[in-house]
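Taken one at a time, structure 1 and structure 2 that follow are two forms of one protein chain, written as structure tokens.
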Structure 1
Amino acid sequence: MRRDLSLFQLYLALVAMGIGGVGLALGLPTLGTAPAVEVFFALAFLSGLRLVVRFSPWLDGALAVFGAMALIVSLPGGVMPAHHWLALIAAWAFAWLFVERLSACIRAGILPETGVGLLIPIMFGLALLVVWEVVTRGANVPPVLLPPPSAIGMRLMAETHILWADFVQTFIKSVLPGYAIGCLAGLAVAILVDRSPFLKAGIMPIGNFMSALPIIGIAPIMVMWFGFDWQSKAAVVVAMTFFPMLVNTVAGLNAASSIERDLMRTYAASYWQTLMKLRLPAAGPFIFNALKINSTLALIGAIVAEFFGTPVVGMGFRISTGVGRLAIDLVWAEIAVAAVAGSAFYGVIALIEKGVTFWHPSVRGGRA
């Protein structure tokens, strides 16, 4: 048995090789109808040579990419043949094996984590998209139930101006102002709560109660109070982001140890000096945790709020009307834009956290 392959990696390699042999045998009667798939089966079968020859993990990645491309190019108009489903399983096995071996190389220090590590989520995401594409087209899934990624991509390119207008209305006009107001208000009230035992005893239970209120109940009330434009959506975002920031900041302000506080007292530091130089920095991971949680809550809140009244623009409005018109590819295009925007927003907050709280063990990988 190969010493550089773990038992699970060897299992994946044998599965891919076995499927390659079976698929090659099944596809011989129809040789020529899908030559790319047959070539992939042959390469998958020959990959069993890894038992005696050391193959690079990059070869597994190349086989996964080639198998995916061969499948997509060779997809028939009707129901996909059985051996093509085997090719999909083999391509997934090669992608999984590539991710496993690449992760092992990074852990062993053979490959650098910076740059190369990004290939792991990229390969995983592409593999999911390929499976989605092949299953929906190969099984003739009705587009009204689940359109393939290719149809969603074409709709993205065809409706760029509409998607951009919806993004501006929902994210720029509603999410960002509501997020900033809610987070800053939560931070300010948390400092006041920390100063007053009365407020801590009174506001914190109310905060826990308000955070449990369903957004579907808050949104129509905010629309009635602030109108149908972006102001009501921003108000919903404020209500959703205020209490996570409040609760996390109050917990973070108590993170500094008593020894550290005693040290500040020996320096004759005032409350505000202790707050700015010790307690707020110690609460930094808690505050950024709330900021990251709120980055996704804010987008969800704004989109749901648009279901209850909005101008004829916005992600929530487009999703609602798209479902009514059975334009499911447009709905998925809006979902893709929202997912990318939310992920990018979360990533920006995480990068800022890494720069601000670089000293914290959670950022330094747990090293003291």
Structure 2
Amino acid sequence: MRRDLSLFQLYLALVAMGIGGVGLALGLPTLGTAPAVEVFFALAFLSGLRLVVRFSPWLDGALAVFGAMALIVSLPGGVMPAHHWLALIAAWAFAWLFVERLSACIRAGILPETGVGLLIPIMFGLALLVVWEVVTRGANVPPVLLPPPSAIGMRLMAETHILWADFVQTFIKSVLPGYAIGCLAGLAVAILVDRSPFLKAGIMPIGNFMSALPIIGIAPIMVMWFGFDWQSKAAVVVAMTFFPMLVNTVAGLNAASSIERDLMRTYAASYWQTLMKLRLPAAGPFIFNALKINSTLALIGAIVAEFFGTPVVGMGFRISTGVGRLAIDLVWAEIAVAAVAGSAFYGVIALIEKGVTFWHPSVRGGRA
């Protein structure tokens, strides 16, 4: 047994090799129909040589990538031959082995954390996409049920103007103003409430309670009050983002310790000076926590509110009508746009947080 493999890794390697052998044998009757897959089977079988010679983890990664490409290239129009499913399993096993060995190398300090550490989740994401593509096309899953990623990508390219219009309507017109108003209002009310212990004691339990409620349900009411256009969506977003901001800011304003406040007193700092120079900066991590929670909530609120009535544009509108018209690939393209927008929104706020609260231990430690 090779010393550089753990028991679990060895099992994975044996599975991959065994499948390669079986696949090669099963492919013999139809030799030449899918040469790439057959080459992959042969290589997978040859990877059994790792029992006698050193076998770099990168070779496993290369084999996984090659197997995935071979499978996608040889996808037929109809149902995939049965033994090609073995190639999918083998490619998955190689990918798994690859990340297992990479993370073992990182832990042992052979490979650097940055860069290689990023490669592992990317590998996992790509593997999921490949499995999705191969399963939907190989098993002839009706596109109405689940379209393959390639079809979604094509739709994304073909319908950019529609997707862009929806993005502007939902994200730029509804989410951003609602988010800004909701967060600023939460911040302002928190600062006002903070001056009176009585109000604080009254509002905090209610605020906590409200943050747990399905506020999204006010969407139909807002649509009645503010009409079909973006104003009603922005109003839903305001209501959804207000309470998390309020609760977090009130908690954050208490974060400055009494010794720091005493120092401000010895400087004869006024209330506003203490607030601006000590307590608000100290509340930064809490405020950014709320901003991050709200960035996801805001997008959800706007999209769901559009289910209740909108002009004929908007992400939520496109999704609900797309499902009705069975244009599922367009719906998935819309979801992809929403996912990218949501992640980017979150990412931008996380970046700003890193810059603003650079002093906080969670940022200084390198892991936000």
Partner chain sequence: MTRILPVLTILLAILVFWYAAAVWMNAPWQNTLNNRAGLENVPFTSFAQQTWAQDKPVLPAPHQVVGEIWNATMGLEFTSRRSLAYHGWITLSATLMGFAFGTALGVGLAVAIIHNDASDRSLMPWIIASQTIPILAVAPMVVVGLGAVGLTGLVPKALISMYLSFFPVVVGMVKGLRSPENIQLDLMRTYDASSWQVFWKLRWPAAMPFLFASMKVGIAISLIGAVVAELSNAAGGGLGVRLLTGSYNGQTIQIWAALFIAAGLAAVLVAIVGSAERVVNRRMGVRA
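Model, not experiment: these values are computed from the prediction. Between two forms, the rigid core is the largest collection of C-alphas that superpose within 1.5 Å. Here, residue number means position along structure 1's sequence, counting from 1.
- Matching the description of the form predicted in complex with its partner chain is structure 2; structure 1 comes from elsewhere.
- With a cut-off of 2 Å and the rigid core superposed, residue 117 has a Cα displacement that reaches or exceeds the cut-off between the two structures.
- Superposition on the rigid core between the two structures places the CA atom of residue 98 2 Å or more away from its counterpart.
- For residue 89, a C-alpha deviation of 2 angstroms or more is recorded between the two structures after rigid-core alignment.
- Here the two forms are laid over each other by their core, and the C-alpha of residue 61 is off by 3.7 Å between the two structures.
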